[in-house]
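Below sits a lone chain in structure tokens, taken as the form predicted alone.
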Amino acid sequence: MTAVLRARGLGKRYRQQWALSDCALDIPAGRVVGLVGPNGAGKSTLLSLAAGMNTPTTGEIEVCGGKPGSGPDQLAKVGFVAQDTPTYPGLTIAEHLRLGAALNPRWDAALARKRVERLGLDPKKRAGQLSGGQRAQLALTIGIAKRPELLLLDEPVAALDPLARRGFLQDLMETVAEQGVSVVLSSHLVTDVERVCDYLITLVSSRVVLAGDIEDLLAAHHRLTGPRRDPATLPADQHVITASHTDRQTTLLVRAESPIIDPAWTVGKVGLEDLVLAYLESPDAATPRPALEVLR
């Protein structure tokens, strides 16, 4: 497996607070990765470390075969769109593109120009006059036109209305299909992740609690409903993530390495949102399992 991002024991501390701790990841190249978790979980910290905008306190990280931010060649491999989709309010769209060309050795001027034309943006208009959706598209255009191997997006659609968000994500998927770029998309919206991503990383309280191919993760988790039962009596290969009980009934969300054959259980599928919420609610249940943390 070729990894576009590898992390081992990665941690970042600000004074006495760990923003990211003991992070171990192998993100396959060519994937669209959804990075989810509550505020303060470490999503932005992980992306800033991957972009070379920050340095680790502990451990190591490798991106596109090199150390993040280690030089012009390495910086050219990574595109980064921050949460506030940063643009310069006083500069026109055309000036943004000229600046991008001056700063990025792989800059694709034709691609940038075509995107601006297709989006109906006036090159003479200043960024400060654009709507939130238009600024996000301008920032994405700059990130794409530098022709990176890895594109990092930190909550790029958080402030957009549903229509603008859909347009942004559609453009993103077209770029992935045309360029084959790897993407890590941080988002609070599981529906957005489900729409465009094929790989999932879940962060809670500064640590990774779940990572892997979305299809494989969904296939490995099940909702069990049956007569009230102590979860401790389940087979060793059925790991309980969440449990709820009534007087007569038990409902469990479990991760299992083999099929559920106990006839006492009614076995149901788990959706992506339910899976993510289960790990957010019970992060201590997420004991590391390599089969789910490092997938194709």
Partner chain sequence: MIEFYLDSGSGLSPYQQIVQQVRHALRLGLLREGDQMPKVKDVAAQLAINPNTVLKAYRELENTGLVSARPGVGTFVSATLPGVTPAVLGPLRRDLRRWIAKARLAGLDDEGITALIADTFRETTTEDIA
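Numbering follows the first chain given and starts at 1. These figures come from a predicted structure and were not determined experimentally.
Below, we refer to the form predicted together with its partner chain, which is not included among the displayed structures.
Proximity of G69 to its partner chain in the predicted bound form falls outside the 4.5 Å heavy atom cutoff. The closest heavy atom approach of P56 to its partner chain in the predicted bound form falls outside 4.5 Å.
Among heavy atoms of G30, some come within 4.5 Å of its partner chain in the predicted bound form. Among heavy atoms of A177, some come within 4.5 Å of its partner chain in the predicted bound form. You can rule out all but one of 72 to 80, 162 to 170, 132 to 140, 99 to 107: in the predicted bound form, only 162 to 170 has residues with a heavy atom within 4.5 Å of its partner chain.
Among the residues D84, D198, E149, E95, the one placing a heavy atom within 4.5 Å of its partner chain in the predicted bound form is D198. Looking at 92 to 123, no residue comes within 4.5 Å of its partner chain in the predicted bound form, counting any heavy atom.
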